[in-house]
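This document opens with one chain alone, in structure tokens, the form predicted on its own.
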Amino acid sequence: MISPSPSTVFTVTQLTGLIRRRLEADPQLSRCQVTGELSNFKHHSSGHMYFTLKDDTARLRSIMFSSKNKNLTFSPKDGMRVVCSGSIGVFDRDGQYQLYVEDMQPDGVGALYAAFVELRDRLDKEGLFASDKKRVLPRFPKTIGVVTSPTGAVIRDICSTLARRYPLAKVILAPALVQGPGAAKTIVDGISRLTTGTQPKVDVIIVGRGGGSLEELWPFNEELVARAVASCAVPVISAVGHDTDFTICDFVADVRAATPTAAAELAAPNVEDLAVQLNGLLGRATSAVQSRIVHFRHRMDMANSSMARAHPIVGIDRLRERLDYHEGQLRERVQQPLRKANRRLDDARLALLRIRPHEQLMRQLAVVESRSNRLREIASALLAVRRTRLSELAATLEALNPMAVLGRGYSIVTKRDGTVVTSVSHVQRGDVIGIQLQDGTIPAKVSGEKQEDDYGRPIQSKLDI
């Protein structure tokens, strides 16, 4: 350290360092509080705040680094009176002393801030700020209540935002003072007017005002407002001040909004977003319905195929095929013994030609005659059995033949595509149908309306032939 003497010649850097060290060594300047009006305020992109504190006769250059100002509960502005706590130092490059601010409060709010902290801690201990007491906002509110000044920008911002985003909601204003003596009472009265009666008049309430100093926002820090919000019958959105302003009302409310516009956006959905969601749901529902249609159409095709296979004509054709097979088998079984008998007869004739004695011939003739008679009896009996079976099969076939039924006065009604009509519900007025009788088909056209009997059952419609 250079000790000053009359003959000492300082460099600028040396002298500036000497002044800085002297200032930093002074206990009154290393921790001091300065009050004044903000001017030339600049919040740099780096996060640091640069400004000047001034009064009527002097100015003090000041800086508040981002690590210190990030916890400020208000937004500093030019013209605002503040109390800054920090230390005096020298910026070597400019050779200028300045205040390095560590804390900043609006001027004149020391007692108010202490009252704010005391009430905040007391209500917090009572559980008024507990997250499990926060209610969910209604998704589609029909009526939204607003407690604010009728002449301020808050109600205009809320109404314009709701008109743009969700015009279905009705807005009810409960006029109230938002600053000054007696304002807290008007805020409580506004909440009460919106919730009195057996049923609340609104689905959600927005309590708010624009930004301001701690004194201006103080009605929203009073206990009667906090308890009115906590006991409100419907969810409450607090939109008091700007993003950096916090009030007791913010802590008690179910939801805090940074601005009145943000409160309106939280209170109601955006109809455009709802339209996108509805279109998505409609697309999913359409896909699901189309999938079900394809599924049931496939089942209907399978049922039609099964019905075609079970058609009476198909069954008759199969029975005819079986009848032809059994007839062939019957003929084979009847003719086979005859062929064997003929071969044996031929063998006997050959043997007779080789034998000369007449007695053997007579004996053989007798045997042949006996066996021939026996064979005829067997063949006749077997043929009778097969004829009986054939008659039974023919009777079965005849019983299944629809043409036989037609001979008894019945008919078969078919559509133009050959589909058999089994119910009056299968035809509509104007359909062309065919009525098949025993000796031909009568074309017809349905001209009457479907009718029902006394028990609600469909009966036959009139026909044009």
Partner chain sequence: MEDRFSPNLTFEEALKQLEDIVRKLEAGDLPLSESIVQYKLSMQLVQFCRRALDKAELEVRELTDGGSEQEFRVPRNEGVE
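On a predicted model such as this, the values are computed, not experimentally measured, just so you know. Positions refer to the first chain, counted from 1.
Quick note: we don't show the form predicted together with its partner chain, though the next part is all about it.
Colleague: If you check 150, 180, 127, 79 against its partner chain in the predicted complex, which one has a heavy atom within 4.5 Å?
Modeller: None of the others qualify; the residue that does is 150.
Colleague: Can you pick out, from 330, 115, 233, 271, the residue that has a heavy atom within 4.5 Å of its partner chain in the predicted complex?
Modeller: Residue within 4.5 Å of the partner: 271.
Colleague: In terms of non-hydrogen atoms within 4.5 angstroms, which of the given stretches 369 to 377, 154 to 162, 383 to 391, 221 to 229 touches its partner chain in the predicted complex?
Modeller: Selected stretch: 154 to 162.
Colleague: Within 4.5 Å of its partner chain in the predicted complex: all of 167, 194 and 209, by heavy atom?
Modeller: Yes: each residue has a heavy atom within 4.5 Å of the partner.
Colleague: Do residue 106 and its partner chain share at least one heavy atom pair within 4.5 Å in the predicted complex?
Modeller: Answer no; every heavy atom of residue 106 is more than 4.5 Å from its partner chain in the predicted complex.
Colleague: So in the predicted complex, does any heavy atom of residue 257 sit within 4.5 Å of its partner chain?
Modeller: No, no contact at 4.5 Å.
Colleague: At the 4.5 Å heavy atom threshold, is residue 175 in contact with its partner chain in the predicted complex?
Modeller: So residue 175 counts as contacting its partner chain.
Colleague: Would residue 141 count as touching its partner chain in the predicted complex under a 4.5 Å heavy atom rule?
Modeller: Yes.
Colleague: Within 4.5 Å of its partner chain in the predicted complex, counting any non-hydrogen atom, which residues from 276 to 294 show up?
Modeller: Going through 276 to 294 in order - heavy atoms within 4.5 Å of its partner chain in the predicted complex - the hits are 277, 278, 279, 281, 282, 284, 285, 286, 288, 289, 292, 293.
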